[in-house]
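As a starting point, one isolated chain is supplied in structure tokens, in the form predicted on its own.
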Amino acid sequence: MPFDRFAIIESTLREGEQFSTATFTTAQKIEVAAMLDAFGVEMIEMTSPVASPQSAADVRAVVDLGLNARILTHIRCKREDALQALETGVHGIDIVIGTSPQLMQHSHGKSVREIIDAALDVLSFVREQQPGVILRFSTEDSFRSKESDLLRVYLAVADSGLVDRLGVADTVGIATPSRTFELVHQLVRLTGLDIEFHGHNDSCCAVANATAALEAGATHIDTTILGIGERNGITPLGGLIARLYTLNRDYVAKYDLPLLPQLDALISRLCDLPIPFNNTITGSSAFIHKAGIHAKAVLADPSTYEAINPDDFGLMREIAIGHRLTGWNAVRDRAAALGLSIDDATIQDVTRVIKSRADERPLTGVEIDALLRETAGITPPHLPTPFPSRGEGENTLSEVRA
């Protein structure tokens, strides 16, 4: 398993541009690329310069930054595309062509033999023009392709000695982890080349499939920030980092993890895209603990209910206490954080008041703090009233004690 030597090909500026609300300016691409480089990704993939004159100018602008990350661009299997890519000064070119029956019929119309001929022609052309450029050849829609067709193409390309790595693409997001493992392992065994995995998330398996690819010997994984891309996008950078972190923190030690929340926030802003509440690591609920038994254990040792330490990402955990599920240990911890000395029996009484009132509506943090200060005999005039006027039958602290 190459978990300790894999590389990320970060494709926010290529695959990510295909997301429905992504339209990056040159300045924004430079901002994204610079932050990805600071995070530590090994390669940054950009939209083909053939797409538009501005796309070509943007590739040149990012290349000119002189980043540590190698700058790649993604092209069709055509000489004219390769020539324009080379003219931008990129460090690597990712060549792709479809091999599924659907794409062979409705996209380029080539037979398997013609696909092989086209691949060898373009690869040879690139090597003649610039021998040192990083070259990857990938099939598109690999998992709907016939295995015999895939192997004919991959073996012909591998035997040519023209490429640095082969790519496997789950273009429509139908692969399973077991099938991903099987195909990648087969290519590693048969070709001995580096293998790149590009997985779409249409069936919510992108992270699992990327992990299976690494288990099978893949060396490169394509990601985008927040997983943006065509349709449901591809393997999210944060999701891959989280998955590998939970296997072994050392696998992702080479990356500047506290930058991940900033990357997610950047793309959220640029794409006018809210970060989902359950987004890996950076979702608003990712490190909130609510149930009493969870909170008690987390206060004693966060690892009891956390596989990921928020501190490693520059984030903080939160213990929610203004609700009916709260436990007195969490309330006691909040009192201690406020510097209040309240005995356990009284804290338990306060907890019962919170639960009772929270049956009507959740309490805010300000209300909880005011109640604790009131209980401790500290009620400065400037503090807000802890609660609205109590209605008939609503419990007070003294009533609960009684």
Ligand code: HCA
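Note that this is a predicted model, so its numbers are computed, not measured. Sequential numbering from 1, following the sequence displayed.
The same protein also has a form predicted together with ligand HCA, omitted here; what follows describes it.
Contact with ligand HCA in the predicted bound form, defined as a heavy atom within 4.5 Å, holds for exactly one of R332, H200, H220, H289, namely H200. Only one of the listed residues (S145, T171, T88, T326) places a non-hydrogen atom within 4.5 angstroms of ligand HCA in the predicted bound form, and that residue is T171.
Heavy atoms within 4.5 Å of ligand HCA in the predicted bound form are found in exactly one of 178-186, 299-307, 156-164, 137-145, that being 137-145. Not displayed here, ligand HCA is approached by V96 to within 4.5 Å at the level of heavy atoms in the predicted bound form. For the chain shown alone, E15 is a contact residue for ligand HCA in the predicted bound form, at least one non-hydrogen atom being within 4.5 angstroms.
Using a 4.5 Å cut-off on any heavy atom, the one residue of 73-95 that reaches ligand HCA in the predicted bound form is H74.
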